[in-house]
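Shown here is one chain on its own, the form predicted alone, set out as structure tokens.
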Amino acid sequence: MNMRIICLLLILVPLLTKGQDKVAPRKFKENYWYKNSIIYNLEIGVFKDSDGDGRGDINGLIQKLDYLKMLGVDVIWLAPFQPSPGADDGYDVADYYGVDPKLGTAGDFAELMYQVRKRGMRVIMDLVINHTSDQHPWFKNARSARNARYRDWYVWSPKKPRDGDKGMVFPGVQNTVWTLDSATNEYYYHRFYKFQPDLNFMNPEVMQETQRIIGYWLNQGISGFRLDAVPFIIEVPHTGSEKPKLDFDFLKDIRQFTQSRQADAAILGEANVEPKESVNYFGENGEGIQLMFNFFANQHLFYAFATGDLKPFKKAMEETSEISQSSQWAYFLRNHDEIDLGRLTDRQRQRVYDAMGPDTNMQLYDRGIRRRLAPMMNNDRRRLEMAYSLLFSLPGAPVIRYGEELGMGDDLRLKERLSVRTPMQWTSAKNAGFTTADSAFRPVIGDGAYGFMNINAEKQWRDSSSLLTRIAAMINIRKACPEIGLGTSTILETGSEDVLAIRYYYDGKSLITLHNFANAPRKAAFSIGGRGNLYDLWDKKGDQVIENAGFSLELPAYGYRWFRVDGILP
């Protein structure tokens, strides 16, 4: 009897499993969660204070998870929250395995992970491994003697190299990338500030320790990492500060290790590189990091915002369009740093400065602007809406900086990049509802058009016409358009130099988005290759029938439209 059952199973199992090889890739695509996610970047210390000490904390973030869920956030990207002296706002890490006691405890973090999962969201965290704090126990040991245990975990030179004043990340603030250590009378290397000595990834022990760090945080519930300063991590030491050799195998190794511990974990890389170099970071077949910020397109986008000239941005979009199926660009309007304009020509950069950051106090590091989006756009609601509509319709994963959904301003009295890192403005109560303390550890914006009495989340949630509710609606529509993150895209000719039109295809669906960069109405005409229906995703009164000859419509100043295409496929 048992033998008969075995024989029957030998016949049935191949029949039942036939065709599963065709289903498997679809399951793999489900691991592409990062391709269509709405990513929200925040710093715990400036988000919400729960205990009245004037500084945001993990429990405060937990209190505001429902706000993020209502907004439509899928992924929370946390800025560094590990123990740190705070000389670089947490990016000077002193312990990779802990939680800064000013922000909470390991238990608080575990509760955060539970509450995030409960709401169907994910968390990715900054992985700052290019350098440590000079207060890290590794560096303290390394500078204790030339034969110290952790000496080779950092990069040293008996003499200051001839290129020691080149390759600085913060020109105008930073003087060198080599600093003399008085304890051992040798120079240590630091791409960033002198209190952030670079780790030496040519040392296999450093790579092994990095894997332990990754494995540890994955076990805590993290879904991925924003890898800080990627080109500097993969530098081969002593090969030049400005054009060093790069070890791209590191990215493949770190990707493989990460996914060996958690199959759907993703890495978002910070790498401001030329388009032709991006394949080295993504990998020819997508075996490198999964996501990367499209700094190149972003810089040309701000040139388009400032001048109305779309040609450089269109070219940048085309130059960055060829990536593997598993790879994805991340697009943003503001991040935690300055708006980097280093890839523009001097003339182009000056035009952006003139329009968006004319005062030298608004500029930073000889290449960027340290302002938030609303002030750069003169708080023009039309321009802000168009910019966010465009962000959500670009071919990649949109990243939002906390407070940008409100149109928050900046505080140029604060040094360097801290100008865009002021406390979140929740209510019109004292200190913007951020803290019940007499004052916050970093000043809340209290005066003028961007003061918390005018701009706060509570006020805007109750106003159906506010920027916040409009952006929430945009996110809702974006989620109904999976072809943006998963499909292929084509820039359409519109007959207007001021109108950008993009068409998407995916899984039998097609979408067209249009954005007018001009401060005046513009007509846009385009063809979709036949007859079909255009369904306006913002207003059903805008539905259209398009004939073989094509279609034209007028967009108001800084206007935008999204159309679902029905009836014609490529």
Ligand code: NOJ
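Throughout, we count residues from 1 along the sequence that is shown. Note that the structure is a prediction, hence the values are computed from the model and not measured.
The same protein has a further form, the form predicted together with ligand NOJ, not shown here; the description that follows concerns it.
Out of the listed residues Arg143, Arg343, Arg370, Arg421, Arg421 is the one that sits within 4.5 Å of ligand NOJ in the model of the complex by at least one heavy atom. Note on contacts: among Arg417, Lys160, Lys166, Lys479, the single residue with a heavy atom within 4.5 Å of ligand NOJ in the model of the complex is Arg417. Looking at Gln299, you'd find every heavy atom of it more than 4.5 angstroms from ligand NOJ in the model of the complex. Under a 4.5 angstroms non-hydrogen atom cutoff, ligand NOJ in the model of the complex lacks Glu186 among its neighbouring residues. The closest heavy atom approach of Lys459 to ligand NOJ in the model of the complex falls outside 4.5 Å. Contact annotation: Phe170 falls within 4.5 Å of ligand NOJ in the model of the complex, judged by heavy atom distances. Judged by heavy atoms within 4.5 Å of ligand NOJ in the model of the complex, the contact stretch among the candidates 117-125, 403-411, 132-140, 335-343 is 335-343. Shown here without ligand NOJ, the chain has Phe192, Gln196 in 172-203 lying with a heavy atom within 4.5 Å of that partner in the model of the complex.
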